[in-house]
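There is one chain below, alone, in structure tokens, taken in the form predicted on its own.
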């Protein structure tokens, strides 16, 4: 597959360290307008040299993704939709067409082969060392090195259910690594079966091979359905798996590297911190431990890795593929859903935009609740629903204007439900607020009395009642519901400041509070605010709307530990600049995405 992607691969021959240097350069590459796949041919760890190249940003851009899938994403979605809606055939032509569709299902069944490329080299016992692999440490505050693109294969205690997921894996030493199985994930559910029975659980990690395996490991398939079946459906051929050397799991025969072993359900160890895809570090917490029994590789393997942190990153393109392909399945639970989008600066589970065709009062709320009850959609914190007449969901400029011109606070729904384990802002871990906004019917309320002042004059007036306000920036002042962003010094809670300024109702409609530096950076402002709010605590509906997007602490009654931002290490950026490796991106863009 790398041969097919060769036109999109940029080789970096300069020796770079697996600790910070390689991932920092990949982090910058992913933020370019036309990112490339990077192959680091000379990875090092201090004085140690590796003979295995590191490949990063494998899902580099839309064109690369289409090459990996081998088809247009919407075409794959259409194939799935036709299967879902398939009716008993009546004519000969309908029967032949139905036979073709059923044959596609036959291709989803995995095929076990006797040998695979992934077992050209076999290392067992003392020879199986994780330190022989060019595993990365991405961020300065990370708890150590992490495998970030591993396909983690497991199965149920009785063998009837097989699963693959993509989880981060912290390296403790040559023989042990941490399995970051979040409580809601399928692998965690299988783990509890072994824990209850007090039996060791076999685990195998595949790295590399056809990049489509990696995407399938992230696919939100219904529980109990083996994700590699999706690989067979997309490729149009049976997935080829090979039995592992030291356990009875099966992995892709073409994987570059396979790490085999087991976890003892009685053993847990602290994992983290880790700079995650939310753009914040996830904090230390105990997770299961995998013991390594064997490592196998191709004749000439490469090591796939990804970098996560503040958007935009490679997961933008992986997430878009998931969004397109799984639309037909979402429509089975919400038939009046026309389309949806998950903007990458909302880090996917923090913000979803939906276009719907409501047929009766309350229909939008019904769809909200149905989505919040479906698989990984249940982790979505904020959902905005627009009508059929709305602009395209990725035409963000016009869509935002449409939303603000049709917004009515009466159409806000705030409820409570589960949140992603990585969410740091919820009042309690794993459970938090859900915010739904219905814009599917045109707003009858007219805010014609909103008197827009310039930013300087508005700041002066607001500071007259609250000196802790340091700056203001107004957006979309030509709409019925302009947005005012207020930066304040956090010596009191945003709620206290809101109570002081809500009397400025002739000048304000929607007010967002922050205590960070995104006031003039709308892209990162969306990232910050959607990360930082729990709707149960941070959204106030009064004569104006208040939203607290600040970092929380004891002033807010927040008792959990607040994690630090994921930030680059300045010395590493300087070294990469001096080596002439940072090209094709401006200082302005680097500052916009908070690289500098």
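What you see is a predicted model; the values in this text were computed from it and never measured. Numbering follows the first chain given and starts at 1.
Not on display, but discussed next: the form predicted together with a small molecule.
K.L.:
Of the residues 213, 167, 281, 303, which one places a heavy atom within 4.5 Å of the small molecule in the predicted complex?
P.N.:
Checked against the cut-off, the match is 167.
K.L.:
State the residue from 474, 246, 132, 187 whose non-hydrogen atoms include one within 4.5 Å of the small molecule in the predicted complex.
P.N.:
That would be 187.
K.L.:
Can you check 461 to 469, 120 to 128, 201 to 209, 219 to 227 and let me know which stretch has heavy atoms within 4.5 Å of the small molecule in the predicted complex?
P.N.:
Contact-bearing stretch, as computed: 219 to 227.
K.L.:
Would residue 180 show up as a contact with the small molecule in the predicted complex if we use heavy atoms at 4.5 Å?
P.N.:
Judged by the heavy-atom cut-off of 4.5 Å, residue 180 is in contact with the small molecule in the predicted complex.
K.L.:
Any of the heavy atoms of residue 308 lying within 4.5 Å of the small molecule in the predicted complex?
P.N.:
Residue 308: yes, in contact with the small molecule in the predicted complex.
K.L.:
Give a yes/no on whether residue 163 approaches the small molecule to within 4.5 Å in the predicted complex, heavy atoms considered.
P.N.:
Judged by the heavy-atom cut-off of 4.5 Å, residue 163 is in contact with the small molecule in the predicted complex.
K.L.:
Answer for residue 376 alone: is it within 4.5 Å of the small molecule in the predicted complex, judged on heavy atom distances?
P.N.:
Yes, residue 376 is a contact residue.
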